[in-house]
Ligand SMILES: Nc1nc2c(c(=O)[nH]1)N[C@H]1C(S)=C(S)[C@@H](COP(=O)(O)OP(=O)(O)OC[C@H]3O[C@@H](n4cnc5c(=O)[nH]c(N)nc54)[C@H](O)[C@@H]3O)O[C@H]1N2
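Presented as structure tokens, the chain that follows is alone, the form predicted on its own.
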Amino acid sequence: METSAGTNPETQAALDADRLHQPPDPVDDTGANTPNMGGGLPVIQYWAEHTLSPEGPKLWQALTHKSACLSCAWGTGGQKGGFTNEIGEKMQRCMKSVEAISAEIQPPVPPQFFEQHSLAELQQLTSMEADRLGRWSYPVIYRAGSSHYKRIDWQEIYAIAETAFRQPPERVASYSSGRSSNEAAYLLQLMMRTLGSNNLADCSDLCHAPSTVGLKQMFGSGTSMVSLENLKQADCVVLIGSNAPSNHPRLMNELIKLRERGGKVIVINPVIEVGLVKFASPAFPLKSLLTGSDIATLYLQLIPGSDVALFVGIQKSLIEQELIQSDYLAAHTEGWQEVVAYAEAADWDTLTTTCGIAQEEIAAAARMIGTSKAVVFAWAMGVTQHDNGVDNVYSIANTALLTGNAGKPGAGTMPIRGHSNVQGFGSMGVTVRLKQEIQQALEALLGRSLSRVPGYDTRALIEAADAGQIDTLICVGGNLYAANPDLTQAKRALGNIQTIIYLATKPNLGHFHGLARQNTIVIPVFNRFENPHKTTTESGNNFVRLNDEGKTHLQDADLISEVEFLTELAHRLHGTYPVDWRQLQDTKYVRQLIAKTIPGFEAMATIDETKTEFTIGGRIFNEPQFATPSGKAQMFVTPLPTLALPSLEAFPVPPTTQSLVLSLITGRSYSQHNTVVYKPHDRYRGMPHRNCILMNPEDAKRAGFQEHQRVTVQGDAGKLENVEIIFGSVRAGSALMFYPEVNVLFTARIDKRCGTPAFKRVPVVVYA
């Protein structure tokens, strides 16, 4: 296919290439060459090496434990068994889960380690090196003026914590990730809101908050409306801004099965990810493992940040091809006339120039969508991490509604969540945008109104800390330091906080760089399959799993569960108001409290007796009756983005320097989970180490750069030196580098409606 993209400087090179071309040939595991398909025999080799190694027995014990996968929200587990998904299908584990478990069954960090290594030394570690130190197995403290972490006893921990949390509530905050349980999440928010603080920042603020905000406004529910069972009824999937082969491998099995039953997959991504072209799944050894399965029917390699322009173009083409469902729109939506009028009036040259996709290709995508019986629109952070992320979500959902693909089996909107229980934390009320129904239930529990002072989301928390407005911070999992843009600011901001308490299973960069002004405490906790009590988690498709009790492999370790720590701290702060906190150390009672106060979780009340896992009510829409006040979906006009890059003069680089201004995509590598790096290279993209920049060959040649040349990459907040250029299938005018290291470069623009930073479109200059 050919495309014409006008005069936009980001679309001048390499625009006549076949968008479904196969990436270069084959493979070794050093990153020197890229494979011609995702998955395949290297996955089998990885499984064999780990399961047959000395760690094998512990690994298999964790894999078969009745608990949810530690990795992505597409994981398996729960009462059906470690290898089983929510509808009972077997053999559903992937390499991501093995990586996560292998990291958790490491030996403990040696007792003498922190006596022998100063913080200055530890700050030289990479993310992978920090993770491979081992498991936290005893609590430590870093005090102001010290040079080392030192062991601390529990009596002093609680004394420091109690004093810290008795500061004014607006100066107390929390941050969390999806590594923990629904029970811990519920206790965290209840403890904080009982204090009078709404400062419940969460890792979702940095990723899928635009999905939550946008979908809530449109459909009354901020999560996926598609269950796994529904996905199996789709005959078309539109996959936008996702590297599912690396981050959600089990989803690839569903795409393979969809293609086998004659369905279509439209991939929209500025980078041609080899696994989205062809994927070899070990789940299908006879028909996929050796030869691979075709994934993309159509691959649209758009300009980063131009999703709205592309989807308005698809809408315009649907109208021109008479493929919109007017009767459905009139009966089940509001605001549709304005959306249709905006698309009709949009100029084709402006649309194609903005997104870099030819009108003919847009028409082909519209035809596939408009003539399919049931279409699922799925997306990840390539859609959300922009300063117009909410508009991106609106534009995708508008397209679903225009074609009647919402509120019926096999169709709908499906944000793909990253961390295994990140959605559960939001459901439990760990959010600055608390649902009115939960607010009312909590106020009834407390016997008073909740604070009306708006809480800090993650970016607002960093800004407040940077301004000296936070005294106390508790981090339940996560890596607040490394997950943020502008690492210099993040380090400075955390250094302004008097007391920081980290609950964690393993060391990460935040424990060494995110140091408080007075006391930094790291509390070692059990992971999901070690907890001494039952817990629950929630998948990205709204399925609640029950996790059995477990045991840790760590001998003589001084660990605690998040539930035990939070309930004990809350008891010391609140006594028995509004609940008997110490009784809640039996998580059965937490679940009963959740059932009473969190809508859709009523079945939680009896899950201990019935062991019956469930899909949360009011979220899967099989009929076009939505959870809005009118019962109709609300549609919103989405203005086209302005995507001009700054000139070279905007950067502190001499004008005579050999240089090139690009739009930088920050992302994870293969073999990485959030900020945790398991391998230093990316074999799928041919990037041999972390300090690489993936560039379009035509961009590089136009600027006079050669592959493997070492360059400096400069953003508006910092620079990285000695960066190796790697040629790859990235959109012209764009480049890709690895998060979190690249976060040092930039201060991201923010979508003010949800607080999410623009990690996927970062202006940088590359120079020799």
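These numbers come from a predicted model, not from an experiment. Throughout, we count residues from 1 along the sequence that is shown.
Below, we refer to the form predicted together with the ligand, which is not included among the displayed structures.
Chemist: Within 4.5 Å of the ligand in the predicted complex, heavy atoms considered, which of N247, T552, N542, T194?
Modeler: Exactly one listed residue reaches within 4.5 Å, namely N247.
Chemist: Have a look at G404, G686, G477, G292 for me and say which one sits with a heavy atom within 4.5 Å of the ligand in the predicted complex.
Modeler: If I apply the 4.5 Å criterion carefully, the residue I get is G477.
Chemist: If we define contact as a non-hydrogen atom of the residue within 4.5 angstroms of the partner, is Y175 a contact of the ligand in the predicted complex?
Modeler: Contact check for Y175: yes, within 4.5 Å of the ligand in the predicted complex.
Chemist: Would you check, heavy atoms only and a 4.5 Å threshold, whether N743 touches the ligand in the predicted complex?
Modeler: Output for N743 is yes: heavy atoms within 4.5 Å of the ligand.
Chemist: Is R668 one of the residues lying within 4.5 Å of the ligand in the predicted complex, judged by heavy atom distances?
Modeler: The answer is yes: R668 has a heavy atom within 4.5 Å of the ligand.
Chemist: Give a yes or no for G313: in the predicted complex, does one of its heavy atoms lie within 4.5 Å of a heavy atom belonging to the ligand?
Modeler: No - in the predicted complex, heavy atoms of G313 and the ligand never come within 4.5 Å of each other.
Chemist: Run the contact test on S221, A633 and D682 with a 4.5 Å heavy atom cut-off to the ligand in the predicted complex and return yes or no.
Modeler: No.
Chemist: I need the one stretch from 412-420, 462-470, 588-596, 442-450 whose residues put non-hydrogen atoms within 4.5 angstroms of the ligand in the predicted complex.
Modeler: Only one stretch qualifies here: 412-420.
Chemist: Across 378-393, which residues bring a heavy atom to within 4.5 Å of the ligand in the predicted complex?
Modeler: Result: A380, M381, G382, Q385, H386.
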